[in-house]
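Take a look at this single chain, the form predicted alone, given in structure tokens.
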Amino acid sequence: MLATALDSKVSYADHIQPLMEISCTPCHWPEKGKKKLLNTYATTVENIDEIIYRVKLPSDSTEFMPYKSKRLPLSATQIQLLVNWRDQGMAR
């Protein structure tokens, strides 16, 4: 699904929401989220530049996400999916 998405239109519902839910739970995804929530289209759009910035940081950076190995780092393909979505205009 990711490889196909990299070559076609990326949407929040089909590509970004599942990635965010898997990668950002439990800290940024309710019910247990204790940090800035990133569980909606609006909050993801509002924070996409910071999300991309932080997942691209070296893993030893204190700002790197996902924080302290709570989840596996995003792969280069997953990061590119976020970039493509942003660059394509962030379709729902």
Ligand code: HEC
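Given the structure is predicted, the values throughout are model-derived calculations rather than measurements. The numbering used is simple: start at 1 and walk along the sequence shown.
Omitted here: the form predicted in complex with heme C (HEC). The next part is about that form.
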- Look up in the model of the complex whether residue 81 has a non-hydrogen atom within 4.5 angstroms of heme C (HEC), and give yes or no. no
- With the cut-off set at 4.5 Å between non-hydrogen atoms, does residue 56 touch heme C (HEC) in the model of the complex? no
>> Just checking whether residue 71 would be counted as a contact of heme C (HEC) in the model of the complex - the rule being heavy atoms within 4.5 angstroms.
In response: yes
Partner contact for residue 67 in the model of the complex: heme C (HEC), 4.5 angstroms, heavy atom
yes
Let me test this: is every residue among 86, 88 and 91 within 4.5 Å of heme C (HEC) in the model of the complex, going by heavy atom positions?
no
Residues in 40 to 54 that come within 4.5 Å of heme C (HEC) in the model of the complex by at least one heavy atom, in order, are 50, 51, 54
